[in-house]
Structure formats: C-alpha cells, structure tokens
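First, one chain by itself: the form predicted alone, in structure tokens.
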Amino acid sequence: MAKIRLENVTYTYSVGTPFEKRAVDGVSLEFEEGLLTGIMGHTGSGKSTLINMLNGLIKPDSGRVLLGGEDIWADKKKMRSVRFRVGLVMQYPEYQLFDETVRADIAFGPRNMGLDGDEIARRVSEAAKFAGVEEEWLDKSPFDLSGGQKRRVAVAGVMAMSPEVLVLDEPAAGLDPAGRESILSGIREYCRATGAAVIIVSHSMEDMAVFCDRVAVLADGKLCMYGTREEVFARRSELYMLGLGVPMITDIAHELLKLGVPIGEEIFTVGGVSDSLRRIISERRGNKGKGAD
C-alpha cells in the first residue's frame, strides 16, 4: 500500500527570469510501506527538489503530494505534523548536530513532539541501534566523534521521531565501504522492522542494487524508469544512454554471457553472480561425473 504518493507534480525555479528552470516535470510516483525505494539520476535531474516536496519544504506548482491519502497542503496548519511523519535526512547531516551530548541530540525531535521521558528514552535507544550508534557514544559530545559516527547520530535523530516515511539524501556519501555497508544495512533493517516507507537518493548503482526494493530514475525533471531493481537494471542500454550505467558486477556478468557462460540476464549483485557461477560449476562437475559412468 502506498504511504506517500506524488501525483503529476511540477516545480519550476526562478520563474520569469533568464534562469527559469523546470526542475520537476509532471512526475507521478508512489512509495510503499515496508519497502526501500532508491531514487537515482544525474545532478540536476530533479532528485533533491522531488524529495523536498515530500515533507513540504517545497510546494509543487501543480499536482499533489498525498500522505496517507491526504494532500499535505490541504491544511497548512497540519504541516508541522507532516514534518514529523515524513522525516528528511539531508546530505551531510552531521553538520547539523548541535547539542551537548549524542543522547540529547538524538532526543531533540522526540522532545519537540511532546513525548514523555520514558518514551523519549525508548526511542533514543531503538534509533541508536538501527543507526549503529554505540552505547558508549551516547554521553559524549557529538563533536568528539568521527565523521562517520556523526552521520549515524544524525540519522538516528530522525529515526527517533518514528516517521512513517524516512527520506535520506546520499546517506552513505563519503563513507568507506565498511561504513556504507553498515549504515545502509541499518536503514534497511529500520525499514523492515517498522514498516516505514524508506526512500534513499544515491549516485551509487551498487547501493541501489544491493539495498533497494524499488528504483526510480529521473532525468531532466522527468521520471524515466520505475520498478523493481531487477526490472530497472535489466534496462542496461537505456541506463547507459542516460549516462548512469549499471553496477560493475552487471557489466562483468554481461561479458561472461558474451563468452557463452549461461549466467543469466538479470544479475546485479556480487552475491547473485557468485551463486550463479557456483551453480554452473556444480552442474558441469555433475555432468562430467555422469559421463564417466
């Protein structure tokens, strides 16, 4: 079931000036409960504008943003509630940390929601686990942490509000491979455990292939593709025409196909290719054994 839906939304910057630009052009897209959806596209494709519409930071020139079936702009008095229900983690959110301790920073959102102390403590603990924030960090100053640790604290601060929709703009940008794996795994676990609709903007094809259930592709403000990760990455030539490409392992799989290795057409993760190769090797060994009989 769609938790939040965009209906034919359009937005133009600097209307009536020489710098006028249609950033989002008639996009209709829905994000389902319990699924992690990736949004990808080049710089200037409309990704940031689109996600800023989801919690009312930008109002579309036309079209509607429906949260739980209701237009978020139908009653401006409810916008504060919308922003608690749709949590947005900006790119490099660690620069927004400000409180004396990590615990206090994570608790800031729930405290503003008017929750009692026990509920705030429960949410801080739960969000910290999802984001990979260690217990020993909670009473430290956030400014004593590394960049990757700060990123986790910032993500936990939004998770602690228990949003129905969690939107993250490049949550793994600048992290090393182990850090990317850890933080994205925690986000996926949050999605599965809470049933929230989770949306990630990323330039990494590998991240999209490994962690996302659905993928949307934007170009020049328009929605070019939307579907399961298998469906989207199967359109390899179209993705290359858009200048995006596919996960490196998918290119390797296609080269193996050219060499006659029956690896399959929709291989997009290292684990998938590895499993396919093991299957092929096992089958060939079995056939050789039968021939010897």
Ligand SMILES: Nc1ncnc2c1ncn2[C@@H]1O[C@H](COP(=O)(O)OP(=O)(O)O)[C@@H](O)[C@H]1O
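From a predicted model like this one, the values you see are computed outputs, not experimental measurements. Start at 1 and count along the sequence shown; that's the residue number.
A second form of this protein, the form predicted together with the named molecule, is not displayed here; the remarks below concern that form.
- Using a 4.5 Å heavy atom cutoff, H42, G46 and T49 all lie near the named molecule in the model of the complex.
- Of the heavy atoms in A23, some are within 4.5 Å of the named molecule in the model of the complex.
- Looking at S282, you'd find every heavy atom of it more than 4.5 angstroms from the named molecule in the model of the complex.
- Not displayed here, the named molecule is kept clear of S274 by more than 4.5 Å at the level of heavy atoms in the model of the complex.
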